[in-house]
Ligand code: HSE
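Take a look at this one chain, the form predicted alone, written out in structure tokens.
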Amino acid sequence: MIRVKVPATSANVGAGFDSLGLAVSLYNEFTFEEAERLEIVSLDETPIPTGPSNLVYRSAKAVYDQLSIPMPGLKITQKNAIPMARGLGSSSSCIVAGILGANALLGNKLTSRQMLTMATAIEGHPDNVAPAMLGGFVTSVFDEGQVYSVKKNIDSGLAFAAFIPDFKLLTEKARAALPKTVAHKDAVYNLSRAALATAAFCDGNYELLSIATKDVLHQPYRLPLIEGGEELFSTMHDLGALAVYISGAGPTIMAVVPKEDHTFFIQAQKALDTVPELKRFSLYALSADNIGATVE
């Protein structure tokens, strides 16, 4: 039996639309074993497809197909701690798990680059699948069918406050809210901040993150889709967060804070309990995951 554990991911990190992402300490767990037929089981009663449309299975099949090996029956189990359709990479965790699990069953015939490229082809962009597979803070480019990524371990002194609402926001709806074209000045605005965010994580200059995570390409269009989102942004900035940004396509909102700042988490929870606009959010105190997906 093959066991795969994949971390949640937070994509874009503000200005790095479809290119930046980081991994955090919330995990989906999977097992794989060959069987006489297809069997897919949810171990925590999370509703999942149990047939060939299951994303884990489809990703595993992509490995068999690439290697021209007939697909056997599989028994797959899933334990889904990462909330679905919340902007924390739940679909990417399934893609990465399926590819890693199938590769392990077949004797590890694919390289990490090949698996990351395959995962990106299935997902459409590397901002979630790269940190899910590699861990840490990852900058990625998908160019002419190949993925090029650079990983930086995240400082253990940083913590991540994930504000997860009780409603979903499908990626398709979040992408549909974006304009078809952007102004040149807006492109420059984001390019400079995405570069600054990467430099800030690499250099450890986290005071720059409040500037580096500002964005004009997607957050202004997605924030109105998140009930209470504007109030949450304002409140967490007032409480001293180093950065506040929409995680992936949303609706989760992520704050980056010094891990030693216990007052932030206490005051943030108090705000969720007392401010009417914020009561639909739950606070998850997370750490960075610098290891990425593991296979046993």
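Note that the structure is a prediction, hence the values are computed from the model and not measured. So that there is no doubt, residue numbering starts at 1 and follows the sequence shown.
A second form of this protein, the form predicted in complex with the named molecule, is not displayed here; the remarks below concern that form.
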| query | finding |
| --- | --- |
| Listed residue (H125, K152, K79, K75) with a non-hydrogen atom within 4.5 angstroms of the named molecule in the predicted complex | H125 |
| Listed residue that, although the named molecule is not shown, lies within 4.5 Å of it in the predicted complex (heavy atoms), from S156, N205, T171, S192 | T171 |
| F17, R222 and G248 all contacting the named molecule in the predicted complex, non-hydrogen atom within 4.5 Å | yes |
| 4.5 angstroms heavy atom contact with the named molecule in the predicted complex for R175 | yes |
| Contact flag, A11 vs the named molecule in the predicted complex, heavy atom cut 4.5 Å | yes |
| Contact stretch among 127-135, 99-107, 194-202, 143-151 - heavy atom within 4.5 Å of the named molecule in the predicted complex | 127-135 |
